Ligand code: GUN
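A lone chain, given as structure tokens: the form predicted on its own.
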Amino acid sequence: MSSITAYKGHIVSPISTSGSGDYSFIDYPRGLMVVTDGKLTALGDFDQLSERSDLGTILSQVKIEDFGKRLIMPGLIDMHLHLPQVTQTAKSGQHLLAWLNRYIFPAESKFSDIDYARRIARWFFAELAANGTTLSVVFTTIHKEACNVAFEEAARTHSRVIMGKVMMDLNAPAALCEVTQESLTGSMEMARKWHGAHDGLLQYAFTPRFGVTSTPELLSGTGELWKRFPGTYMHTHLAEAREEIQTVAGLFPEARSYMDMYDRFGLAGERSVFAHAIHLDDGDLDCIKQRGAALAHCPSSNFFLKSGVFAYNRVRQCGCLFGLGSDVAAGPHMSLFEVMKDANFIQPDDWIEPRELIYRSTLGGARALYMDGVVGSLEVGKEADFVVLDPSAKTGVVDDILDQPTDEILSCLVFLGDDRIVERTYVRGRLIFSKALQETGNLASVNLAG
């Protein structure tokens, strides 16, 4: 028997279009959305849908969640962040490599303790849901059992995630430096176990940390594994900091560039995600475009570590796929609304329209991950990943903001939004976060069920 629920509220969403650079949105101030078995089966103006003969009977019999004037939007997509680093936000005062050695590697070493790993994973997925993130691309640590725990917690909380065990066999502390073959074997076992699990909500990403901590044997082995598991992802860092780039150039002198190094090992293609990608030349961008790879732009992290400025307009104009990432903990906040704001602020000369930033955090991210047929926008046939927002929960927002034109609403979300405006988060039609239940102490009945 089908499970049907209807949702009423102010619906705003990007929509799929064929035109490049066409950031089109729907806006239904009195909107209605019908979800059947986790998929959107009807969406539009409430009055018009109520008059449809095929929906009239259904609407008279099913529960209608009425959110009044609150905003219903697609769930947010975070293309790059680190689960074990959630405890290390706001640890400042260092550039990338020094920051890793001082704060991050010691924090990741703690994940050999499974109880600790589970506690942090539980916190991490609760934080994602509270920030309105419904799909995330996640680094764990080198620890196979800790990665297992992370997947278990993601399944228990009904989270949608692309995730993998980190792989490092060079230039890392002894506690985090793996034997190459053990790293490859462990990653293969994890991919077999978790890719496509929990009815497809969980997907696996082979995750070599970056060139600095990888031998040629590890990278070539990762490329071979990735080919053996069609549909999986490859997730790593690329050209974030100049010191990192210089180190990689010394380790792989035969490569033309950092990006060329990855390409030589078969790590550039559809479903490969390269985080940061700040210091690239035209040859690198052409390779990324031709291979169908994607970039995760992490502006908050780039601000925080003073790594440089992502060439936003150049990347967009060359036609590369890209979305936004919080990069917690180098990014000091998990809210993608904050990340969108930083993406605009970090550009010294160019203005990025709010509707494009919302697009990059929803449908654009889904396209970069080859999942735009499933999530990223509120359209009939897609899975019901969405958030309910109350902009008035944030100070500085005018009372009648949701009565304003679409672009003013989107601008308000980008420049004033944060986790405080998120009231509810749904994945595949299931409620995984409710601010009201969290405040009354009943959060466990939502995202800790099962």
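Model, not experiment: these values are computed from the prediction. Numbering starts at 1 and runs along the sequence shown.
Another form exists, predicted in complex with this ligand; not displayed. Remarks below refer to it.
The stretch that touches this ligand in the predicted complex, counting heavy atoms within 4.5 Å, is 209 to 217, out of 209 to 217, 186 to 194, 248 to 256, 345 to 353. Contact check for residue 340: every heavy atom lies farther than 4.5 Å from this ligand in the predicted complex. Taking the partner from elsewhere, residue 276 is found to have a heavy atom lying within 4.5 Å of this ligand in the predicted complex. Although the partner is absent here, residue 78 sits far enough away that none of its heavy atoms falls within 4.5 Å of this ligand in the predicted complex. This ligand is not shown here, but in the predicted complex it comes within 4.5 Å of a heavy atom of residue 85.
Here is the short version: of 237, 143, 158, 360, the single residue with a heavy atom within 4.5 Å of this ligand in the predicted complex is 237. The partner is absent here, but in the predicted complex a heavy atom of 99, alone among 303, 265, 312, 99, sits within 4.5 Å of this ligand.
Residues 327, 330 are the ones in 315 to 342 with at least one heavy atom within 4.5 Å of this ligand in the predicted complex, listed in sequence order.
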